[in-house]
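Only one chain is shown below, in structure tokens, and it's the form predicted on its own.
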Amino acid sequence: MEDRKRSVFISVLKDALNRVFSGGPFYLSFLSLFGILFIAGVTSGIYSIFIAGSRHAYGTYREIPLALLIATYIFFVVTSTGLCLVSSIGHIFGVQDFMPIAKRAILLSVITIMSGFLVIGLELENPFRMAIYLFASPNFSSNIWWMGVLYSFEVVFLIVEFIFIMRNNHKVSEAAGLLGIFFGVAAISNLGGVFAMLQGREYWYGPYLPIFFIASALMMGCAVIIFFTVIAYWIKGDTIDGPMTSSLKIVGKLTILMLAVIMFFTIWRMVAMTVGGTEKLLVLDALVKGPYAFNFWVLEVTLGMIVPFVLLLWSKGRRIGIMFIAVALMIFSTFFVRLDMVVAGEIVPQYWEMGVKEFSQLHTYAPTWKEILVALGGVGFCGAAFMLGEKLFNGFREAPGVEEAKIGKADSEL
């Protein structure tokens, strides 16, 4: 019996490796591209941290210490929690239409949070110090300390959830999933609190961001799972039909709902800023008709909200190609939502109202090519890990030999 189990395991492993290194031109071309981006991003980050120094290699400076890489980190980790929430609707809360996407959503949740960790690790001037003192010298009054702890627990429970759902042990996977949801929601609300509790930055300060991040996470989770599911079927050369069609249809409807919620949040955020203090009015002016007007009106509002909303309504959950275009625009736009949120909160000088001549203009920021490479490195890791995962887990279908393994397990139990 042991020899039989060993031979089945070896057979499954060989089959998985054969799938990983096989595929059509679409798969191999994009896997190579993502691999190159990942290597280039990591190389750029290591050079910037250990040789040039992050403050010299990156476009950040004293007045704008948070920029592209922080925005990229937020983009990935918020998306991760959103995917965790979407997957839980099916295999934890029992909504059957969400079951076909559950395993892929959990894997993507792990991949995106690891992508975020990669980017933030290459942004910090000394990432090893953070890893050491996170536990050696905890600061319970620090939002950033709590962020590290909560995300550490989240990624552990996500991995446990994925392992046991792949083994069809739903009791353990559900328990780990519930804990993953708890720590994930706590982590992104705390991440919003990192900005929301900075009283010196009027644009960020207040209860808006923690709530917005949670709503935005669910919207992104829906958009990302639709986007990657369609790509997964392209990789396999299969047609989306049966239960997966029904699943994408219901996820598309939830995407419309959450996009409407985000539009509601955005409208009232802008309206509320009209009666804010000097800093909020200056940021509002920069967003509406200043240097960030193109980002706001074109990339955020038009391409990220209006066009996807119309396309998703038009698709009625049945036209997969139109849904794919809509969610692709949403994902692309959301990155600039995160970037503008981070940078716009720092463009007004702290000494503006004091009339200091050196700070009589808004701060400007432009990312260096090293920063851009690190951000693309996170994208490369995410894309490569997803494509390898699809091949390794056979598109989340039963791999050859799995049924035999189940039979062998049943025989041993008898």
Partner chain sequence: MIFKPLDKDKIFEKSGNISELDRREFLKIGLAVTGIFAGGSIVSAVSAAEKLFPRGTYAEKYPYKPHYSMVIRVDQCIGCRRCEKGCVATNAVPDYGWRTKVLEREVPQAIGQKREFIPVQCNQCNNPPCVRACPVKATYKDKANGIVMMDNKKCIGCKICMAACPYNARYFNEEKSAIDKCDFCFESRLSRGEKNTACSVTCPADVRVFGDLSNPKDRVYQLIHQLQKPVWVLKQETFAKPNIFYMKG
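All of these numbers come straight from a predicted model, not from anything done at the bench. Positions refer to the first chain, counted from 1.
Just so you know, the form predicted in complex with the partner chain exists too; it's not on screen, but the next bit is about it.
Mapping the unseen interface onto this chain, residue 194 counts among the residues with a heavy atom inside 4.5 Å of the partner chain in the predicted complex. By the criterion of a heavy atom within 4.5 Å, residue 212 is excluded from the residues contacting the partner chain in the predicted complex. In the predicted complex, residue 145 approaches the partner chain with a heavy atom inside 4.5 Å. Taking the partner from elsewhere, residue 269 is found to have every heavy atom lying beyond 4.5 Å of the partner chain in the predicted complex. Interface residue among 130, 313, 240, 307 relative to the partner chain in the predicted complex, by the heavy atom within 4.5 Å criterion: 130. A heavy atom within 4.5 Å of the partner chain in the predicted complex is found for exactly one of 125, 97, 174, 285: 125. Annotated contacts: 54, 65 and 351 all touch the partner chain in the predicted complex [non-hydrogen atom within 4.5 angstroms]. Just one listed stretch, out of 365-373, 26-34, 383-391, 55-63, contacts the partner chain in the predicted complex at the 4.5 Å heavy atom level, and that stretch is 55-63.
For the stretch 192-206, the set of residues having any non-hydrogen atom within 4.5 angstroms of the partner chain in the predicted complex comprises 194, 197, 198, 199, 200, 201, 204, in sequence order.
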